[in-house]
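The chain that follows stands alone, in the form predicted on its own, written as structure tokens.
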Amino acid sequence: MAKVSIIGAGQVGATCAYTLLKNNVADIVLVDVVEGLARGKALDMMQAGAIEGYDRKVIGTTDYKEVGGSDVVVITAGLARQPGMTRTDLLSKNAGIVKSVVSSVVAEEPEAIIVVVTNPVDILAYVALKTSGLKPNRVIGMSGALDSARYKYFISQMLNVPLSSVDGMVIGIHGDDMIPVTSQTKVGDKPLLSLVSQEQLREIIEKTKHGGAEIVSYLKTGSAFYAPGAAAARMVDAILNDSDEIIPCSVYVQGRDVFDDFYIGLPVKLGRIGVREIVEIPLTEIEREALYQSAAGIKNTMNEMREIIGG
């Protein structure tokens, strides 16, 4: 019986938990430092099972001892991005939170696969790796699964087609320098580039890059949670079902040209060991150069914040 612990019972963590329950993926442990928050949401979800038809167990707690025996641990704990705040602004405080959470998790369950959702995810996945002492394939950041969903949504809106007809992905940093792989994107059996003008393509790309910030601007005091929670749940599902599904995630790279000793979003096969392999996809010269620039941005941030993130 699969078990997933989710650290942080806020909107993203709760959405991830509820998605996993509805899809009958695993029993859930919700952990949060706020007394009663995880317990209350767990009770609500258990009662929803009578309506939705699932019979999985949900525990809400402040005690990390309940994490023991987890196959996957999802970390959503941290501060949400506020209007005008960049992902880098979040780093100093959230790095401390992630270090504390990971230390508590591995003390109770050193064999779990860790999925980091807390932003800035590419940097904090690295923090989680160094803090945990786990092998890199067992520490994964949630990035491209969410960015690709936004990308496909904006394509479907631009062309007035069903979301299910759009096949595309986003790689690179989870931030403004992300790279929608337009050259490999299809709508039905047709290449996206044959269906949109350059102006329309630029609009889709810009909307994708700023999709999270747009939601923050509307919510005022919070950030997106339905899509991020669902994206994390999709990754967990792929891991537990040993699916080898290809999902773009933030993964550790080492000794791959200039890609060395940091996390960046790339297409990977996910399974019971975590990351099975990084999948090579065709890129144009422009896309490849954009990926190099994205990598350079991550490395610069890491160098500037090395004292905070460690490693």
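Only a predicted model underlies this, so the values are computations on that prediction, with no experimental measurement involved. Heads up: residue numbers just count along the shown sequence, starting at 1.
Here the subject shifts to the form predicted in complex with a small molecule, a form of this protein not shown in this document.
- Taking Ile204, Ala77, Ile113, Leu192 one by one, only a single residue has any non-hydrogen atom within 4.5 Å of the small molecule in the model of the complex, and it is Ala77.
- Only one of Ser156, Ser223, Gln184, Asn137 comes within 4.5 Å of the small molecule in the model of the complex through a heavy atom, and that residue is Ser223.
- Shown alone here, Thr118 lies within 4.5 Å of the small molecule in the model of the complex, counting heavy atoms only.
- At the 4.5 Å threshold, heavy atoms of Ile59 stay clear of the small molecule in the model of the complex, well away from it.
- Using a 4.5 angstroms limit between non-hydrogen atoms, Leu291 is distant from the small molecule in the model of the complex.
- Proximity of Leu20 to the small molecule in the model of the complex falls outside the 4.5 Å heavy atom cutoff.
- Of the candidate stretches 46 to 54, 267 to 275, 253 to 261, 31 to 39, only 31 to 39 contains residues with a heavy atom within 4.5 Å of the small molecule in the model of the complex.
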